[in-house]
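The chain that follows stands alone, in the form predicted alone, written as structure tokens.
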């Protein structure tokens, strides 16, 4: 069992002479992942902006808390700040899954528009759970990884499919696949041991996990651009002085812009790396694309029904842009 790390005031003095405070920041992805690198840059920005009064220590790859436990850890104050793929918690509130509705927002531009439409609702939902929204960064468009060639959704029936949130579990159900809950840090082992034979994720995840060691095909279906969100425990945030609060939010805005720019830059390179390591990287057939779009239409309607008036208002605002 991982040792729980609680918020402690450091004994060292900052450059301004104030007692310095150290925050642990759990993150679910490897140190080399751009989300983690962006989190480290955010932490450095906060330290600089506060003159060393607040130092954030990033713990990558689920080393402090597993991905599935990060949000709860921050809610309860076991960690003061953390990053999580919010769509993994759509069962708590459908609004957390807005960025994982298939084929709703399928480009970086559309992802930004969807965030603009949904941000206030997401922040309000986090606020109800003792969390303060800081920033979010998109993953590259999601593609379909498989151990075999597929030309239609019917070809995916019976495949063991990594499901990491409600949306991916629903896709598995609609396609007749077998969903298996697997966190990012466990993905390589799950693929190597045959626990899973397929998943939908970005090129980034495929490169991080060296999926070419187990899988053979990547279809660039550009299903959606999920987002990792950084949030702070509300009590921890409230205990900061005005300068500390401003540093968190201003550095968060910088991190949001930098993270998206990096995601755009890396997208093509990830697919090139997959191909260079022997994977077949291809566009989906018309039949496969149409079948997946059908899933998307079904899931958009289901999401609106689950999210109610708040969800409908978000989708209406997004479509009106």
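Treat the numbers as computed from the prediction; the structure is a model and nothing was measured. Residue numbers count along the first chain shown, from 1.
We do not show the form predicted together with a small molecule, though everything after this point is about it.
Determine which one of 159-167, 214-222, 232-240, 118-126 lies within 4.5 Å of the small molecule in the predicted bound form, judging by heavy atom distances; exactly one does. Within 4.5 Å of the partner lies stretch 159-167.
Within 4.5 Å of the small molecule in the predicted bound form - does that hold for a heavy atom of every one of 26, 61 and 65? Spot residues vs the small molecule: no contact at all.
Tell me, out of 198, 201, 136, 111, which residue has a non-hydrogen atom within 4.5 angstroms of the small molecule in the predicted bound form. It is 201 that has a heavy atom within 4.5 Å of the partner.
Considering only heavy atoms, tell me if residue 102 and the small molecule come within 4.5 Å of each other in the predicted bound form. No - in the predicted bound form, heavy atoms of residue 102 and the small molecule never come within 4.5 Å of each other.
Given that the partner is absent here, does residue 131 sit within 4.5 Å of the small molecule in the predicted bound form, heavy atoms only? No, no contact at 4.5 Å.
With the partner left out of view, is residue 226 within 4.5 angstroms of the small molecule in the predicted bound form by any non-hydrogen atom? Yes, residue 226 lies within 4.5 Å of the small molecule in the predicted bound form.
Within 4.5 Å, heavy atoms only: does residue 177 come near the small molecule in the predicted bound form? No.
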